[in-house]
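Before any questions on how it binds or moves, here is one chain, the form predicted on its own, in structure tokens.
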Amino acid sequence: MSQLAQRRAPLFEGLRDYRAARIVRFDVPGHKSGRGTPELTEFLGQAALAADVNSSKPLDNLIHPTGIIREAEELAAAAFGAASALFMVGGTTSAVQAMILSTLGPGDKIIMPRNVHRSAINALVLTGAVPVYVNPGIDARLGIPLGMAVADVTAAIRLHPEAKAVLVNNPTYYGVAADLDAICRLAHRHGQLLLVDEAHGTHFYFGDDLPRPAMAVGADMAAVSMHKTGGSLTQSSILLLGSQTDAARVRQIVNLTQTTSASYLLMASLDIARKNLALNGRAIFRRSMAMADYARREINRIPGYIAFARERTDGAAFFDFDRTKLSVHTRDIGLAGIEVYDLLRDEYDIQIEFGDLGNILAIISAGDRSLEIERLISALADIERSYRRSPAGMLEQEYVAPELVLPPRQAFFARQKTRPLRESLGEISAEFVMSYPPGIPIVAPGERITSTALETILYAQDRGCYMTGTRDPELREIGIVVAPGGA
């Protein structure tokens, strides 16, 4: 498809024409172009409420697209170099789950890193599939989990040749990318599918000097968060499919759980964002990388911070790095990343993406300005001067290697009881425990609560991390397995 074709946005154009036609509305939604909800209309704007419409013949239907939605998806597939593309309105969580649900059944094995987003493990609960976890590499200096080394994936395939698929993060939340080319060739050579979680890799398709994207290496499916770095509205995502993937079957799987009332605001934002990336993406991300590179240089002049990038690559688990990510190690100033995150927000009115036990992450994208980059640098310098303390006693590593006892589904549906968290050592968890963001479980259903896991959870709580996943919102108690489930 030509670059000229990428100038079109058929879904956006059709929605705009529909709105201009001043259709008399006797369908849902009930706010009727915002007339029924004046406060909401004042807050979001009449144009947004008028575009919040229901499926109809002129506007097509996401469940079975044959018109403008189909055209928009075809343009997206061409822009990303995919055979097919499906618009997703349930976030990349739904796209990741669709990849796994359309690939695996009960008892099937999938090779995956343990530092996956909870959406992937949730999908294992839904399917009854069994994870073969590959412990990611660890950067000892930074204390962060990396990607999967090719040698470790090779070893996992050798031990589990019956596995149906390999799942890779491209990149991790910190911007670390694995050798996706080699892993793809390895998986396909052994008859396994390659599934790629590219929640943080949308821009890889539209930038230079960035890690290789999934479709370029021949992956079978990739889940792409357009809203994170692509410019679409929050919760909008795209599922990309390779040429050997049955798109009709995948859509059937998606339709098992995806809403029948898809938001046209979300879908139009995908269409417009795709057009912008296809036409302007290289210039956009060249500027983003320049700003991130500048910020790294300046932050590294502040004593105690490490704003890391490709200088830490090792050709294995840390194969490449996403230069748009501004990842900063904070432990040497005696502050956990979450403490710096809180200070930036509460004292300097700066909201970054996340802070964990030893690092912070700032997302740099098309909407950022040089003045705001300078403000972030100045705030970090002031935090170092005003709040620095001894790092003695700080936890030095983020990653907790799992001890998998039961498949996630079996544990999740097991007969359970709750136990005080501090008395749960050695038990099998029936719940997730994670700091969000980034949403990577410290403990997942079916895993033993080890001393390292318990220490990490308690330490994270003490440092102010926002802990999620358990029925008890205060995480004083945790659900444990009494008897394995048979579901």
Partner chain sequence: MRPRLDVWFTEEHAPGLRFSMRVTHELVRRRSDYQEIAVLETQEFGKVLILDGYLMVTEKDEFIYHEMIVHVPLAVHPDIRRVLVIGGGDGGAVRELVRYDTIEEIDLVDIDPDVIDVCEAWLPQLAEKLRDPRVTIHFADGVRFMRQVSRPYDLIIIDSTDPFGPGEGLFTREFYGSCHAGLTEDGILINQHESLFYDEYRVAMRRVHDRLGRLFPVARVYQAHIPTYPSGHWLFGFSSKRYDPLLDLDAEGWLARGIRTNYYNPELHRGAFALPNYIRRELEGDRQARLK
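Positions refer to the first chain, counted from 1. Please read all numbers here as calculations on a predicted model, not as lab measurements.
This next part talks about the form predicted in complex with its partner chain, which is not shown.
Undergrad: Out of E396, D349, E162, D209, which one falls within 4.5 Å of its partner chain in the predicted complex, going by heavy atoms?
TA: None of the others qualify; the residue that does is D349.
Undergrad: Have a look at Q252, T257, Q244, S386 for me and say which one sits with a heavy atom within 4.5 Å of its partner chain in the predicted complex.
TA: Exactly one residue meets the criterion: S386.
Undergrad: Do A216 and its partner chain share at least one heavy atom pair within 4.5 Å in the predicted complex?
TA: So A216 does not count as contacting its partner chain.
Undergrad: Look up in the predicted complex whether F413 has a non-hydrogen atom within 4.5 angstroms of its partner chain, and give yes or no.
TA: Residue-level check for F413: no, no contact with its partner chain.
Undergrad: So in the predicted complex, does any heavy atom of L371 sit within 4.5 Å of its partner chain?
TA: Although its partner chain is absent here, L371 would touch it in the predicted complex, with heavy atoms inside 4.5 Å.
Undergrad: Examine S378 and determine whether its closest non-hydrogen atom to its partner chain in the predicted complex is within 4.5 angstroms.
TA: Taking the distances in the predicted complex, the answer for S378 is yes, it comes within 4.5 Å of its partner chain.
Undergrad: Sort through 349-357, 199-207, 308-316, 108-116 and report the only stretch with a non-hydrogen atom within 4.5 Å of its partner chain in the predicted complex.
TA: Of the stretches listed, the one contacting the partner is 349-357.
Undergrad: Can you confirm whether E13, K57 and D60, the three residues that make up this candidate site, all sit within 4.5 Å of its partner chain in the predicted complex, judged by heavy atoms?
TA: Not a single residue of the candidate spot has a heavy atom within 4.5 Å of its partner chain in the predicted complex.
Undergrad: If we check its partner chain in the predicted complex, which of the residues in 281-301 reach within 4.5 angstroms of it by a non-hydrogen atom?
TA: Sequence-ordered list: Y294, E298, R301.
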